[in-house]
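Take a look at this one chain, the form predicted alone, written out in structure tokens.
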Amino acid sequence: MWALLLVAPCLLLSISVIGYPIFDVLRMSLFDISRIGVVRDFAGLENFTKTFADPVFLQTAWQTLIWTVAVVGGTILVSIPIALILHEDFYGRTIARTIVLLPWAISLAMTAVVWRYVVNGDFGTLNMTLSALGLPVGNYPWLADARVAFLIEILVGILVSVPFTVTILLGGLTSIPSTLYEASAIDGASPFNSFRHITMPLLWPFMQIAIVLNVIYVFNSFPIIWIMTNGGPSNRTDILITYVYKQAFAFGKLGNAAAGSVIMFAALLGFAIIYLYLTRSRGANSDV
């Protein structure tokens, strides 16, 4: 009872800060909302029907899937070797860790602004560098081609996600007892076998945490896409969060924006439940 009283203020604060916005968005998604936010008649599922009937929404949902899988998958693949290297004891390791973690200290908006200027076709440093190396790129407009622009945004997304993921993986590597590696070395195991049978299984729980948090973080990541391309050209680099923003603040369709937000929330909630269920089932089977 005493413990419940102690956590009650935090619980009430969490409910008010997190619960009320969720409730309000759910309510808005079921009503006809004017451009200035006045709630009018009950619309039922009409906002959801309009949203799913919009071809731009379906295209954006597909691009969101590509964006999330590519950024999270690329981040994990890049972060594992970096974490392994930074876990080793070598001269200058502290400086190397600082350099790797440095992008984490810079805001996403600032990072996106910098990369937008780097790949600018007229005065970007990328074209200047490639031209200095003798490559015939001229004033190639990197962000005018939707596929190239989306690829660049994915690479920037990986860059800004690596520091956080490396931090989680370094924590996992630190928790692995060195005696396991010493025993495997005595048994004649190669470094690859030690990595396969010791490092990866014991690192897997930390990778699960990194995957879940990165999926939620990347799925809702707004600044990179918005600052670099505004979702263009022709909505080909939009993701759901920028689509919802445009519906609300560019087109004044607050009901459709609320419906899109509810769909995003349901997608993330479904992912988290399925992922946790699968990982728990796998853990139970391994225990057996």
Partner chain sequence: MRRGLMGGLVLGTALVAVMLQTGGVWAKDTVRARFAEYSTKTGPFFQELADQFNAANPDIEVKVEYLPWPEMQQQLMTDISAGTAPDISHMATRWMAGFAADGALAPIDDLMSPGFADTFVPTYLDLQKQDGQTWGLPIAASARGLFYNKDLFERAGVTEIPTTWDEAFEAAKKISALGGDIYGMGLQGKDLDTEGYWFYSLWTHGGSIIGPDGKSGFASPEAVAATENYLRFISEGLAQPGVTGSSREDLQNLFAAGKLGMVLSGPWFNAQLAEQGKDVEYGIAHIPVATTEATYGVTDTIAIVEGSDVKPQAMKFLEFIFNEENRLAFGKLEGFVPVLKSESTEPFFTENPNMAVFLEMGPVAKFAPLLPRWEEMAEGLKSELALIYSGEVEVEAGLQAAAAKMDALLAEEQ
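Note that the structure is predicted; figures quoted are calculated from it, not measured. Positions refer to the first chain, counted from 1.
Omitted from view is the form predicted in complex with its partner chain, to which the following refers.
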Going by heavy atom distances of 4.5 angstroms or less, which of F219, Y245, F48, F31 would be at the interface with its partner chain in the predicted complex? Y245
Contact residue in the predicted complex, from T111, S184, N120, T167 (heavy atom within 4.5 Å of its partner chain): N120
Any non-hydrogen atom of A250 within 4.5 angstroms of its partner chain in the predicted complex: yes
Considering non-hydrogen atoms and a 4.5 Å limit, does its partner chain approach A144 in the predicted complex? yes
Applying a 4.5 Å heavy atom distance criterion, does T229 contact its partner chain in the predicted complex? yes
I'd like to check something about N139: if you look in the predicted complex, is any of its heavy atoms closer than or equal to 4.5 Å to a heavy atom of its partner chain? yes
In terms of non-hydrogen atoms within 4.5 angstroms, which of the given stretches 92-100, 204-212, 121-129, 72-80 touches its partner chain in the predicted complex? 121-129
Members of 49-79 lying within 4.5 angstroms of its partner chain, judged by heavy atom, in the predicted complex: none
